[in-house]
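Next comes just one chain, in structure tokens: the form predicted on its own.
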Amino acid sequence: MSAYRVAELLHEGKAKRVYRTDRPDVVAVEFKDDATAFNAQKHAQLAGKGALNCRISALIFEHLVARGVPTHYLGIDGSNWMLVRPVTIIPVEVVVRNVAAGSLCRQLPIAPGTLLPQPLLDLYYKDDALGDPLLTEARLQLLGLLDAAQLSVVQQLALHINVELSQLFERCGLQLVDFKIELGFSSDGALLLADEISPDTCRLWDRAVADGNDRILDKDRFRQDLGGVVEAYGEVLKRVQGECPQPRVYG
């Protein structure tokens, strides 16, 4: 019997539903099979995608927790459900880039696939209506999103996560091109990694494959109509489950 009971829906996003439970310290997250791109202008249902992202995220959260990264993760329950601590999400998308790809190559004169001399950390304001604009430090202060001390902690945590993920994926034969994360504050004011870590939020290339399309094992397969999205996510799962602690079952 579950140690919690799902109550009302708190939020529905592009890929997940978030529910209140009968426990104030537990939130239930349901991973959906929806695939979206270009601010949800492109949409499809891909059977099995939600379960894959849930399991991949749980494995990676387990790994990061063991490596000292504070997260909202509590465990899984079934194939599509994750239990997490409630957090107040900061409306800032944190992106760390190791290799030039995607929007960076559209905005700057850098060729796709260029290895960056050091990780590039970008912050974006989470607002679909505004197109998630790039934030400068001055804009962060103007909007009152993060003060200087909080920004420093966010930057340090994001770069720590990048080191841990890069090393993990390298052992899996994958190159971590870039990734985006969400962070939030718990009720006691702790800054926690939230949301998910999956091929929906990371660009991952197979290090053993030279072809620019065939090496892609992430959401770009959907964005670029390459096909084989679920199969690519399944390959990522197969590789990371050999390197991460098995997900705990909540309850």
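Each residue number is its position in the shown sequence, starting from 1. None of these values were measured; they are calculated from a predicted model.
Missing here is the form predicted together with a small molecule; even so, the following discussion is about that form.
Taking 67, 223, 32, 215 one by one, only a single residue has any non-hydrogen atom within 4.5 Å of the small molecule in the model of the complex, and it is 223.
Screening 86, 119, 102, 75 for any heavy atom within 4.5 Å of the small molecule in the model of the complex leaves a single hit, 102.
Partner contact region in the model of the complex: 195-203, out of 195-203, 40-48, 58-66, 22-30, criterion any non-hydrogen atom within 4.5 Å of the small molecule. Contact annotation for the candidate site: 95, 124 and 132 all lie close to the small molecule in the model of the complex (heavy atom within 4.5 Å).
The closest non-hydrogen atom of residue 160 lies beyond 4.5 Å of the small molecule in the model of the complex. When contacts are judged by a 4.5 Å heavy atom cut-off, residue 139 does not count as touching the small molecule in the model of the complex.
Although the partner is absent here, residue 171 sits far enough away that none of its heavy atoms falls within 4.5 Å of the small molecule in the model of the complex. Though the partner is left out of this view, residue 179 does reach within 4.5 Å of the small molecule in the model of the complex, counting heavy atoms only.
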